[in-house]
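Only one chain is shown below, in structure tokens, and it's the form predicted on its own.
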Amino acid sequence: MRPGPLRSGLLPSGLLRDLALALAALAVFLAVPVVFPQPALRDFLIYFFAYGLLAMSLNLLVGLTGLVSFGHAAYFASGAYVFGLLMQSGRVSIPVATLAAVGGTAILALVIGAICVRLKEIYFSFITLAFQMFIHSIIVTWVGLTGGDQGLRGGIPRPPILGLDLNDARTLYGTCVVVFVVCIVAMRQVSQSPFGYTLRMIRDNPARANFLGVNVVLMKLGIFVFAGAMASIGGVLLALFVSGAYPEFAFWTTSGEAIFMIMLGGMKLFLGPLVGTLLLQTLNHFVTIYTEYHGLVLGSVILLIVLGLRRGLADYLYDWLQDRRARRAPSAPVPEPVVKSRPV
């Protein structure tokens, strides 16, 4: 395979494009508190960043590899609890606690994934759910360490990072924006790498991938660990924002919400789960304010999109735009048939 075109002899053009889009998104998110100074919007976006990383990391398994995990929230909670416990000890800084949380979660995902990725389809899905509920049970019963049902008590300290005071709401928001954008770029590069295209081949035809010499189990395990690590960063952001960690982070409903985000947004486009995250978080925010029938409204919206559009909202819009462009494109002239005259 020939390498892609290079810009300035250093970086592939696709990476430069992704970096340019990331910088543009970074600028837009950082400008939001300036244009709209309401604290509620800033808080809403931090929730969006945390759960967006959960949904995007899960889609690396569901959409990219074809592994439907029902227990992905376990790594979200692992990142939150490890980070919170280390910060409460008062012995480490925020960057060190974050690296330890991500590394510890990656090891946890490696152990669990080594068992799960050998199974197929529904068996894989349910064993991931079983491991999540096992971790949730540990969180609830180990009261002396985790606080049990009450979660981590006492708050999470926010010492300065490189002179930045994270106790300031705007500074905390800016830090979350930077971490979120960096993680999205990292997941994008993985999905567009040869590793990512190998995962697509495994998703579409695992037997053929195995025939071509691909170590299917090792590839699945690699993306399982990476997805768990990315989910843990979302847990770190949420724990830092709410100044705590709670057993609900590891409950099966959190994994269900991540599945709903992918269903609402779509798994075909890379950023589709973020569209679903925005839609679900908006519904959660406004529906709970105006009515107590949250589950009824949310279920109706999901049914409308799944049964009506038969795909995620982002996927539907993308296909609609592609069809519209195809109709507007000038059709190639059909050559007239050549008629040979018969001899008289």
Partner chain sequence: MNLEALAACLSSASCAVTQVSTALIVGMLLFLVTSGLSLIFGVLGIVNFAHGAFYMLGAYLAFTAYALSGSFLLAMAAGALGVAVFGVLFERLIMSRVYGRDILMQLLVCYAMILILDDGVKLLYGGEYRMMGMPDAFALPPVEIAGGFVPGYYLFMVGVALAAGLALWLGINRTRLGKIIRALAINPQMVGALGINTTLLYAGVFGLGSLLAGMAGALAAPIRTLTPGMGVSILIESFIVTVIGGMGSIAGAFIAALLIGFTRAFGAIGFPLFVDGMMFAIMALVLIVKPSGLLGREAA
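Positions refer to the first chain, counted from 1. This is a predicted model, so every value here is computed, not measured.
Beyond what is shown, the protein has a form predicted in complex with its partner chain; the following relates to that form.
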message: With a cut-off of 4.5 Å between heavy atoms, is Phe195 one of the residues that contacts its partner chain in the model of the complex?
response: no
### Message
Quick check on Ser125: any heavy atom within 4.5 Å of its partner chain in the model of the complex?
### Response
yes
- [ ] Give a yes/no on whether Phe131 approaches its partner chain to within 4.5 Å in the model of the complex, heavy atoms considered.
- [x] yes
Q) Any chance Phe270 has a heavy atom within 4.5 Å of its partner chain in the model of the complex? A) no
Checking Leu119, Val178, Ala100, Val190 against its partner chain in the model of the complex, the residue with a non-hydrogen atom inside 4.5 angstroms turns out to be Leu119
Note: exactly one of Ile259, Val216, Ala169, Val182 sits with a heavy atom within 4.5 Å of its partner chain in the model of the complex, namely Ile259
Partner contact check in the model of the complex: of 49 to 57, 62 to 70, 22 to 30, 271 to 279, the stretch with a heavy atom within 4.5 Å of its partner chain is 62 to 70
Of the residues spanning 305 to 325, the ones with some heavy atom within 4.5 Å of its partner chain in the model of the complex are Val306, Leu307, Arg310, Arg311
